[in-house]
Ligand SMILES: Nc1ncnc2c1ncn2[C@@H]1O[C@H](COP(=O)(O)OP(=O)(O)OP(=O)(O)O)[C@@H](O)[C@H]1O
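Let's start with one chain on its own, the form predicted alone, as structure tokens.
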């Protein structure tokens, strides 16, 4: 669905990614991992158009594009930035409704809202409460619900487990797996907590020093050996 070809990217004169190519498939969960400073978040930002590459090409559904967040949102690709990023003083319902502000018509809002609550039933008791009153895991569910009210084709997530307890990390990862299975949405997840996430994913990319050193299925002894070499 989303292809990056020979991407060089960075910040000003500081190059972070060097000749990186990646293919993120539809209806799959792809994890991007690597040590600190490997370029994982930079890759996600370049893929979503938040960062203009120095060199390379981005294709969406096999067509070359000039990537911008606005263009991707129109095509059904959404990004969840690092952290939960809810509006603390707004209610849970208001947080979810914010994602519909660009809709041309709100005539189908009630149907969409009921649909997204059927996926996130755990939020129903808290709709009228300030989102800041919820636990970290519940806030992460609000952030995901805000994305899913727009029926995404693909969701890019930058370390969704950050700041969560081990149990809440498990809950978040299983929700990602559940949403892929129920809706067919593809996920690209940058993550450090790999022990829980890897068994739930389809494909893996490992970055080291701004380069791809492994890509393939997120299982098997080859991946284990590569991870040991990179993370040791």
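Only a predicted model underlies this, so the values are computations on that prediction, with no experimental measurement involved. Numbering follows the first chain given and starts at 1.
Unshown form predicted together with the ligand; subsequent notes refer to it.
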Practice task
Mark residue 69 yes when one of its heavy atoms lies within 4.5 Å of a heavy atom of the ligand in the model of the complex, and no otherwise.
Solution key: no
Practice task
Verify the contact flag for residue 217: yes if a non-hydrogen atom of it lies within 4.5 Å of a non-hydrogen atom of the ligand in the model of the complex, no if not.
Solution key: no
Practice task
Flag residue 37 as yes or no: does it have a non-hydrogen atom within 4.5 angstroms of any non-hydrogen atom of the ligand in the model of the complex?
Solution key: yes
Problem - Partner proximity in the model of the complex: residue 172 to the ligand, non-hydrogen atom cutoff 4.5 Å - result: no
Exercise for the section: Mind telling me which stretch in 59-67, 196-204, 163-171, 41-49 gets its heavy atoms within 4.5 Å of the ligand in the model of the complex? Expected result: 41-49
Problem - Contact set, 1-34 vs the ligand in the model of the complex - heavy atom within 4.5 angstroms - result: 11, 14, 16
